[in-house]
Structures are given as C-alpha cells and as structure tokens.
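Given next, in structure tokens, is a single chain: the form predicted on its own.
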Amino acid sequence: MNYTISKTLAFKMSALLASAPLLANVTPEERGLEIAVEVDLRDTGFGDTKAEMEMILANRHGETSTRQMAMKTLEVAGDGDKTLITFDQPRDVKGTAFLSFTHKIGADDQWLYLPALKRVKRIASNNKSGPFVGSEFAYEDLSSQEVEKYTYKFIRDEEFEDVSHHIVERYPVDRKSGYTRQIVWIDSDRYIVTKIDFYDRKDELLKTLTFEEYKQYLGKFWRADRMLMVNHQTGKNTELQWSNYQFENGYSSRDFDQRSLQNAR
C-alpha cells in the first residue's frame, strides 16, 4: 500500500484517527503514518527562519575541527522547504554555500557553490547519500523530512530518558537513499523527534542522530539547540550547535535561487 499523502488528506486522516485512536482495525502502518502526520502538522506554518550554526567534526581519536555557518529556511506551500546554508569560518571554506529544494514527491534539487572554483555544482540524485562537506551528515539528511518521503510502521511506545515516546520505523521511498530504514523516537506529548537510528543498505546500524536542548518559538514551534550524529561504523561524529533563531524574516523564493547561492555571504 502506498502511504504518500497530500497535506489536506494528512489533516483529515490525523483528525479521523485522533478521534478513534483505539480502533482495533488500525494497522501498525496506519498508526505509524498517523504519528508522522501529527509531527508534520505541529511544525506547519512557521513561514521562514534563520539561525547561526557551529559544526564540530570529531575523528575516532577525538581530534576536532570547527566550522561556522548560517542557515535560512523558507516554508513552501504544497512542497518541501527551501534551505540555504553558508560557511563563514574557517577561511578555507568561507563563501561555500549549499542550497536545497526539498520536494514531497520525487528527488530533491540540491546545489553546492565552491568559491575556489567560482562555480555551482549540482548534487546528483545518486550522490545524496554522500557526506556533506566531510561531516557525518549526508546530503539527504539536510532535506526537510516530508511525510511523503517515507512509508511507516508503528513499533511500540516506551520511555526514553524519562519521557514517553512513540517508536516508529520509516522506510525511504527513494530507491537511491543511502538507508534501508530509520527508527525514530518521537516525544508523545510534544510530537518532536529526539533520536533517529539510520540503517545502511546492508541493513546494519550506521548512525544515530540525537536532538537535545529544545526551545519553543512563537509559542508553537520547537527547535533543538544541539544535534549529534554518531557514526557507529567509523567512530566519527559531527555535532551541530544552533543559536540565534529568528522567525518571520520576510523571505521569498528570490532569496533561495542560484543567484543567491553565489552571492551568499
């Protein structure tokens, strides 16, 4: 069964299932989808954001290097988000910029601007599983996680770090994904993701991403100040530390085209 859905259908399904959550005929797949839809609905309507980010890369020996970046995001009605990430430090990567157009259906569009070459490089679909600028994050990890990108299966409810969570397994629709499946821990009160286990194409545990130090903005939207991606197969990890979130910046699509990518500072 295909569980890809429109935003309107998602809303109707969420309302229907929420009104009868104990129906015996709700399958694990339907329950998993219901939870994913609720996560999406609670973060719908933020409009746009900008934030500063510090990326700390650590090798298996604990040696680290740090990069300073800025990110801005535009919510797009009927489609996935647009995101622009620009590098400020260190000097050898300053001016590098990454632009991503996430789509609900089909492959995302992603570009990388390399100032040393003074050209924009398009990220091919079959390279989306590759590492983003040497980090433990893949290019596909940087896309907004739209409901339609996965099929779902509810696994169980359990306590995680003294908080009640829904555990959902999701399977990428894109056959070129670097993952066979992901196991997602979702706070059952706030409907925010706190942990994701990523399994590689051999179905072996590859990475774990944890989200910490959540803060709420505009009385509704939750953002984590710290994300840690640990690669279990290499011993490396990448930490993202976020600060200075701002909403309602008045961005438009013109702030997220290839011209803005080359002119990003």
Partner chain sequence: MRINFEAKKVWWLLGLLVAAPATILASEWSGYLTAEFRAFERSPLDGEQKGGASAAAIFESEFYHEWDNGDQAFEFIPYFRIDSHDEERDLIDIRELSYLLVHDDWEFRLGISKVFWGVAESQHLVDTINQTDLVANPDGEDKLGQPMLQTVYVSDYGDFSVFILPGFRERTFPGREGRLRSIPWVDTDNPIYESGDEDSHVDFAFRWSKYIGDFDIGFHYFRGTNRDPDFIPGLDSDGNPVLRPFYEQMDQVGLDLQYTREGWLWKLEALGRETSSKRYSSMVGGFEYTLYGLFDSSMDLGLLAEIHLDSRGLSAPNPFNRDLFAGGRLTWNDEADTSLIAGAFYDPENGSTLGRIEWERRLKNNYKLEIEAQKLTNIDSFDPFFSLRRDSFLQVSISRYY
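Each form is matched to the other, and the largest set of C-alpha atoms that superpose within 1.5 Å is called the rigid core. Positions refer to the first chain, counted from 1. Source: prediction; values computed, not measured.
Missing here is the form predicted in complex with the partner chain; even so, the following discussion is about that form.
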| item | value |
| --- | --- |
| Contact test in the predicted complex: A116 vs the partner chain, heavy atoms, 4.5 Å | yes |
| Partner proximity in the predicted complex: N126 to the partner chain, non-hydrogen atom cutoff 4.5 Å | yes |
| The partner chain contact at P90 in the predicted complex, heavy atom, 4.5 Å | yes |
| Contact test in the predicted complex: K104 vs the partner chain, heavy atoms, 4.5 Å | no |
| Which of 118-126, 156-164, 142-150, 181-189 lines the interface with the partner chain in the predicted complex (heavy atom within 4.5 Å) | 118-126 |
| Of A51, L57, V230, A224, the one that lies within 4.5 Å of the partner chain in the predicted complex (heavy atoms) | L57 |
| Joint contact, D109, R259 and N263 to the partner chain in the predicted complex, by non-hydrogen atom at 4.5 Å | yes |
| Contacts with the partner chain in the predicted complex, stretch 66-84 (heavy atom within 4.5 Å) | T66, R67 |
| Threshold 2 Å Cα movement between the shown form and the other one at I167, rigid core reference | no |
| Residue shift check between the shown form and the other one, rigid core fit, I123 Cα at least 2 Å | yes |
| S125 and K72, C-alpha gap in the predicted complex relative to this structure (3 Å or more) | closer |
| Distance trend in the predicted complex - C-alpha atoms of S125 and M53, change of 3 Å or more | closer |
